[in-house]
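Shown below, as structure tokens, is a lone chain in the form predicted on its own; questions about how it binds or moves come after it.
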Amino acid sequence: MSKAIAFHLQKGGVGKTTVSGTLGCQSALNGYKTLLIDCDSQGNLSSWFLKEPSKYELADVLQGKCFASEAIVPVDNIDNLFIIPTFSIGGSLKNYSETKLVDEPFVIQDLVSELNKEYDHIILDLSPGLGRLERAALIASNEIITPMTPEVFSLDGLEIFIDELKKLKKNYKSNVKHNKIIINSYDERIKQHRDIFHAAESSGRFTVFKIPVDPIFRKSQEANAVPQLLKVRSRGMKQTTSDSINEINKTIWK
């Protein structure tokens, strides 16, 4: 059965794109036909995996300028991974979200429903904030998973997001799940990181995962490469990172 997951917290800089892209790669490496949808007007996920802009992007699909199949691009050097890109030049997605999306709140939900027939796993990468575009993407998903950094401000942002999500689910009669957190850039040696992890875990509301600090993510984004496959001076992803990614990937797609 196909499943769509959105990775979101309204706070910026928590690694939403890194987590989305890496878990999309892992899903594809495990043999599942996986689609990334870049719902961030900055297009960071697209610039990570695509070296050149494609003919069509997400905004074109949502506005009916092309079919979804025309905008989908295979990611080089990895089987089973595809992306509907967004490119920031011209701001087409941002303009659409600020003008027409108010009249089409379920347009992304309709798109995901259509794509569910062809893809095993769908991942939506969102921009910070909780505007019309983010809300439309959240209600289009089966599950929302929150990446956060091990900082006090991230915990505050999580509480705000939980409250906003309750309102969203009520207003749109959505039953989207939200019971998993991924603490990104985690360093076991740092007491604050351990404290934040235990605070999130002790709430009893979430299953909490950790992704260790690993320079492979930055290097893979600079190289337009899959982090699990990249080797720099014979060094690749740390084993602890690989183990974490595999654990998260196995759990979220159950």
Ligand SMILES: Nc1ncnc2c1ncn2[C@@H]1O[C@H](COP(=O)(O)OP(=O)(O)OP(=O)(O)O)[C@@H](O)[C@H]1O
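The first residue of the shown sequence is 1; numbering continues from there. For clarity, every value in this text was computed on a predicted model and none was experimentally measured.
The protein also exists as the form predicted in complex with this ligand; that form is not presented, and the subsequent description refers to it.
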Based on heavy atom distances of 4.5 Å or less, which listed stretch (199-207, 53-61, 215-223, 25-33) is in contact with this ligand in the model of the complex?
215-223
In the model of the complex, which of the listed residues (128, 105, 91, 74) lies with a heavy atom within 4.5 Å of this ligand?
128
I'd like to check something about residue 47: if you look in the model of the complex, is any of its heavy atoms closer than or equal to 4.5 Å to a heavy atom of this ligand?
no
Report yes if any heavy atom of residue 15 sits within 4.5 Å of a heavy atom of this ligand in the model of the complex; otherwise report no.
yes
Indicate whether residue 228 is a 4.5 Å heavy atom neighbour of this ligand in the model of the complex.
no
Although this ligand is absent from this view, report whether residue 184 comes within 4.5 Å of it in the model of the complex, heavy atoms only.
yes
